[in-house]
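Next up: just one chain, as structure tokens, the form predicted alone.
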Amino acid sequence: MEELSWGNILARMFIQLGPVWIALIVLFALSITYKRRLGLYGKLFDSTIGMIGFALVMFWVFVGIFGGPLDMLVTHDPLSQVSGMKNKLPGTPMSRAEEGEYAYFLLGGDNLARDVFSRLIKGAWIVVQIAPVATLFAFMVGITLGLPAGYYGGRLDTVLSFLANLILAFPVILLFYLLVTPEIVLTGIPNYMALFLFIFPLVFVGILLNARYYTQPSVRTPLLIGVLGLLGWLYLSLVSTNGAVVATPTYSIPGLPGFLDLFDIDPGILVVFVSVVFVNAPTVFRIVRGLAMDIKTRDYVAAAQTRGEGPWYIMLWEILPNARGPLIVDFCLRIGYTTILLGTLGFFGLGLASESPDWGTTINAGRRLLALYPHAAIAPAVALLTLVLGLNLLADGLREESLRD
């Protein structure tokens, strides 16, 4: 078989990504049809920049979903080494392809004879798993601490602001280096941090529901028991690894038994996840604190206080909804920052395993032969660039529409 031309390579990649195109078409058709009923999300489709950014972001989200757990897009095992395919150019045919096996390396082979296209697809799933969820957890921490700091002020604000500034005073990369180095991991510090940071969604949801249904105890009590019971199970599943929440060479703290543990999270991914939450939370805290200090002076907050509403009801049901515009925009931008941080960690070989198909690790492996075989590093670099660009454009579109709201 002859090598494929670039036209054939692009055509085959287009066909291989067929489920992604179908999902995008369905999503856009439904969103545009019902955009007037979808609030701020629907108004996003009135912004050209926002639509372009949303399309780029959702392209990689669907690539991650269809290529990760559904395994519909990859052409080869991203970790397997194929004889004779080391540093092969895009479109190179396999010399001994078995029946039913994809006959080409569409984006070539890397320095270990692994398929670059398949590693690109699997790398998207790693980003889709970590970046949005870690950013969401960071927002939970920042909102839960930032609202009372801005609303109450005084000594509480002074202490929390000092702690946030203390964390922000460290260079981000140095902080990552400290958190993901093997010596620190063996002490169990990242696991203790996970126990502390991951409890904030439970605290946030518990306070939110209690504030909303405080005057309806017959509804509040069973609702809190059910919701917090489910979230508590998810929390323990998230922090438990191999039946322990903390495991060091000298001792271990037991967690959920295996049959109750819903998630089998790789320890390296958990460390990276905790590091991202820890680094982003102080910045979110400062943003939420500033918004709370501004909004608490508004007339509708004074009206809620006059009605006798409690402080947490005012913070969560009066101040927070009116701060949603800036927070949504910052959420999109922060996912982009998190994506870059994940790429940086992978590039320096920190946190994730050395054979991981994440984009940072792939770029680092390909840069050593960049002058001779640039394809192995350029493909994941372009993927990283387009995803971050899409998030920035999406944030710009949301900012435009939120200002008109």
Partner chain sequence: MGLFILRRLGVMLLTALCLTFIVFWLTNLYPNLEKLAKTQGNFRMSDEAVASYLDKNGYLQPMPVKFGQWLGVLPGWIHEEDGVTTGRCFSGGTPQEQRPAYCGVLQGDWGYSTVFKDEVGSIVSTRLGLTGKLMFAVMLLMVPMALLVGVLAGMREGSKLDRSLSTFSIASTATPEYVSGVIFIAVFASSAFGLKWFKGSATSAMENATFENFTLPVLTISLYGMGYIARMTRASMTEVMTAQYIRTARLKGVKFSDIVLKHALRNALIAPFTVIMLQFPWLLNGVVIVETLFNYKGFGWLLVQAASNNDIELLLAVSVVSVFVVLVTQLISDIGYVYLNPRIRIA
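Residue numbers count along the first chain shown, from 1. All values derive from a computational prediction rather than experimental measurement.
Note that the form predicted together with its partner chain isn't included here; everything after this is about it.
Heavy atoms within 4.5 Å of its partner chain in the predicted bound form: which stretch in 234-242, 145-153, 178-186, 128-136 meets that?
Of the options, only 178-186 has residues within 4.5 Å of the partner.
So in the predicted bound form, are Tyr102, Asp330 and Ala353 all sitting within 4.5 Å of its partner chain, heavy atoms only?
Negative, none of the three is within 4.5 Å.
Which of Leu260, Leu166, Ala302, Ile225 has a heavy atom within 4.5 Å of its partner chain in the predicted bound form?
None of the others qualify; the residue that does is Leu166.
Could you work out which of Met51, Leu40, Ile378, Met58 is the residue within 4.5 angstroms of its partner chain in the predicted bound form, going by heavy atoms?
The option sitting close enough to the partner is Ile378.
Does at least one non-hydrogen atom of Val172 fall within 4.5 angstroms of its partner chain in the predicted bound form?
Heavy-atom contact with its partner chain at 4.5 Å: present for Val172.
Taking its partner chain as it sits in the predicted bound form, is Arg367 in contact with it (heavy atom to heavy atom, 4.5 Å or less)?
Close contact exists here: in the predicted bound form, Arg367 approaches its partner chain to within 4.5 Å, heavy atoms only.
Might Ser31 be said to contact its partner chain in the predicted bound form, defining contact as any heavy atom within 4.5 Å?
Close contact is absent here: in the predicted bound form, Ser31 is far from its partner chain, nothing within 4.5 Å, heavy atoms only.
Does at least one non-hydrogen atom of Leu70 fall within 4.5 angstroms of its partner chain in the predicted bound form?
It does not: once its partner chain is placed as it appears in the predicted bound form, Leu70 has no heavy atom within 4.5 Å of it.
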